[in-house]
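Read the single chain below, which is given as C-alpha cells and is the form predicted on its own.
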C-alpha cells in the first residue's frame, strides 16, 4: 500500500473540537483532533480510491479559550414523520417556529486558532497514481477550492486554508513565524505568546476518530504536545 504526504495550513477566529464526555455544554479540546483535521483535508480533495491519515498537527498560535453563547431550537422536525408524509403527499405542515422553541447554548471554544496539518494518503484501489492525487490536492488548496466549506470542529466555526510546501520548515515556538503567516487575515501572534507552546504538555486521551462501519465506535489516543507539535499520530493510535 503506497503512502504519500501533504501539508495544509488552516486558521479561523473560533473553533470547537468538542469533548464527547461533556454532554450539555460543548467544551473544546486544547487542540484540533485528528478526525477534525481529516474532515478539512477531505473537504478539499477526496476520492473513493484513497484514504487520508493525519500524521501530525502543528499548533502555531497560543491555546486560548473563550465562552460563547449561541441561540438555537430545542427540537427537530422528525424526518420519518411529518417530513416523510409531506414528501409523499406533496403538501403538509413541516415548519418549526424558532420563536416558540428557542434555546440558548453555552460553549467553551478556542479563539484565534492557527495550525499546520500533516497528512498522508494511502491508495486503496485502482492504479497508484500518486502524482495525480498530489497535484490535484495542491491545485485545489492553492486556489481555495473545496467540495464543501471546511470547518473547525463544528460547522459554525469556518476554516480558512492554504497549501504549504512539504519541504517548508515549520519554526519552533522560540522562533518567529514567516511574515506572511502572521499578518491579516491570519491570527496576529506575538512572539512572546508563542513561547507558551515550548516544552511538553500532556493533553490526556483525545478522540482519534469514529469507526462508522463498527457502529460508530470512538477510538482515542494519548496526545502529547511537544514544542507545539503532536507527532506520529497514526503510530500513537496503534499504541493506545
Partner chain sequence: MILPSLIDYYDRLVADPEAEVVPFGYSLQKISFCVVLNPSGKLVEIADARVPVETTGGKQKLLARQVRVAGQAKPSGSGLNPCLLWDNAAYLLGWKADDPKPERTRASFEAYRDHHLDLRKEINDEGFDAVCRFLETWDSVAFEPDEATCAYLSSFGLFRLDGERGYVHQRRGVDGWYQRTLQAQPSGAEDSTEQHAQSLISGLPRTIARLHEPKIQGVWGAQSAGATIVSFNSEASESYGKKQGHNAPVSQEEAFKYCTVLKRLLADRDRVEQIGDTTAVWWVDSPEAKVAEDVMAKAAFARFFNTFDEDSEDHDAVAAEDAADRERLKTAIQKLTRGELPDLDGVDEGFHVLGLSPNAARLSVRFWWSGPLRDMLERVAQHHADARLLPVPPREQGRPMTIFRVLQATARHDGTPPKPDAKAIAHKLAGEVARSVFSGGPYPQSLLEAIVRRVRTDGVITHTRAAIVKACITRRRRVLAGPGGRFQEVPVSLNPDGPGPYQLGRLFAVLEKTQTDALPGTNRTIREGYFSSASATPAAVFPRLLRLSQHHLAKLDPGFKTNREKLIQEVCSHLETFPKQLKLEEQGLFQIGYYHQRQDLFTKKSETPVSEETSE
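Positions refer to the first chain, counted from 1. Note that the structure is a prediction, hence the values are computed from the model and not measured. Heads up, when I say rigid core I mean the largest set of C-alphas that superpose within 1.5 Å between the two forms.
Same protein, other form: the form predicted together with its partner chain, not shown, and the subject of what follows.
Visitor: 129, 168, 91, 103: which sits within 4.5 Å of its partner chain in the predicted bound form by any heavy atom?
Guide: Flagged contact: 103.
Visitor: So in the predicted bound form, is its partner chain close enough to residue 43 to count as touching (4.5 Å, heavy atoms)?
Guide: Result no; residue 43 lies far from its partner chain in the predicted bound form.
Visitor: With a 4.5 Å heavy atom cut-off, would you call residue 204 a contact of its partner chain in the predicted bound form?
Guide: Taking the distances in the predicted bound form, the answer for residue 204 is yes, it comes within 4.5 Å of its partner chain.
Visitor: Please tell me whether any heavy atom belonging to residue 67 falls inside 4.5 Å of a heavy atom of its partner chain, as the geometry stands in the predicted bound form.
Guide: Yes, contact at 4.5 Å.
Visitor: Can you tell me if residue 226 lies within 4.5 angstroms of its partner chain in the predicted bound form, counting non-hydrogen atoms only?
Guide: Residue-level check for residue 226: no, no contact with its partner chain.
Visitor: Between 127-146 and its partner chain in the predicted bound form, list the residues on our side with a heavy atom within 4.5 Å.
Guide: Nothing in this stretch is in contact.
Visitor: Against the rigid core, is the Cα displacement of residue 101 between the shown form and the other one at least 2 Å?
Guide: Shift at residue 101: 2 Å or more after core fit.
Visitor: Cα of residue 72 displaced 2 Å or more between the shown form and the other one, core superposed?
Guide: Result for residue 72: yes, a 2 Å-plus shift.
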